[in-house]
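Just one chain is shown here, as structure tokens, and it is the form predicted on its own.
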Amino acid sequence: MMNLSRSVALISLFLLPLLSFSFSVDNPTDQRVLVLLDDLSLKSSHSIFFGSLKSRGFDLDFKLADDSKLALQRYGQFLYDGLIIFAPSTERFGGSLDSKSIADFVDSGRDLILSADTSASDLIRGIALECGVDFDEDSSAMVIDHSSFPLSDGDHTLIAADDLVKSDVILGKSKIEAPVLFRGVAHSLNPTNNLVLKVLSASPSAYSANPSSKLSSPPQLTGSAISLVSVMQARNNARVVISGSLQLFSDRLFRSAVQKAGSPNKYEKSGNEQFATELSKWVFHERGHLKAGSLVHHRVGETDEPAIYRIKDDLEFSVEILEWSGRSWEPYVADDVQVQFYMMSPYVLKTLSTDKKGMFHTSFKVPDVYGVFQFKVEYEKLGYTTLSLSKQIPVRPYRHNEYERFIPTAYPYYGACFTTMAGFFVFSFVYLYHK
């Protein structure tokens, strides 16, 4: 037993450094990804999507969702940087994995891809609901569209969707020309959750219902309110993708030719592969990940950072912001980064200029108010990680010997004082010597 305990201790010491270096600030791209499947045959039916991830350097660990040895943590450290759940019908995960451990995984800043379909279990629906996504309550309902469908589809449950979010950060700079094929379940977004966003929306003519039965009442989800694929970026910059279709990632739909009803354009291949690939780059932080250096400030004409400023001092402020390109850090270029000089409320709000090399800078005059201020940079932009930086600095008033000897605005008062003295002298002279 003693030898066994020593062996476990040695293994723990060996594993802990490896686990702690799995996610680095210098390399934010997820490296090790756990893939949970309903059936291992999905490895071959969705091989193009998984092959794309492997070609970009990801280490995929495929496991059945009910594997009794499933675990996201060991010895207090996370084993994976990302999680893909392609197991919509799973009622219960194996091992120590459950909805709470997945929520903790996302709360730790790690990323998740969750895909459902018409067989989505309450477990999968619950995980999606935690992220602000509510799947249609009718488990037999599918998205149906009688106008936006490929000509090859007969029952109009295969949707040819082209209402994509307009964001180069999330979907890449190359426009997705071909429609994205979708067959699955609809979902809506929680209106109180401002972190979740529709990436692929249904057309105004779409609705969610059971395709094998007649409608007895108006469907609850209709039109553009239906989201097909949504994303969420949490406040800790963890990213989540939720899709209502597992087939969207399949090789069959990747390779399918598509011609949307009412459109003369015919495409040899759907937009699914490009859509899924670009979306996976975003969710696994290959794109849109920012980092900032320390906030630098000093008086104009100086280089050292002072411990305190005086009111009306002229100062210069700068911060370096870099963007991860998937392989290296590149200068971030934007014209909407701002700095606040803040005490209870912003006294100064300035848009920073950039030198196109990642350095953002500005200069301004310290307000005529003393107290404890903060330099604050809070940057939020669609698709990018959030930056929240602050640095505290006190501001003092003038000392007694720092005021100007004669203040120009007081010249009228000076004149009045001397005029009064001169008038009193004249009056006294006249009163004393005039007979």
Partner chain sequence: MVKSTSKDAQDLFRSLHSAYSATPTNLKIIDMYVVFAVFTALIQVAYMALVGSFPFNSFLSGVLSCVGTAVLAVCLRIQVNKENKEFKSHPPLGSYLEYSYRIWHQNEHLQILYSATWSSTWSSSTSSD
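Quantities reported herein were computed from a predicted structural model and do not represent experimental measurements. Whichever C-alpha set is largest while still superposing within 1.5 Å between the two forms counts as the rigid core. Positions refer to the first chain, counted from 1.
Omitted from view is the form predicted in complex with its partner chain, to which the following refers.
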Partner-facing stretch of 58 to 66, 403 to 411, 382 to 390, 33 to 41, counted where any non-hydrogen atom is within 4.5 angstroms of its partner chain in the predicted bound form: 403 to 411
Output flag, 218, 222 and 336 jointly within 4.5 Å of its partner chain in the predicted bound form, heavy atom basis: no
Residue 44 C-alpha relocation of at least 2 Å between this form and the one not shown, rigid core basis: no
Core-aligned C-alpha movement of residue 409 between this form and the one not shown, 2 Å or more: yes
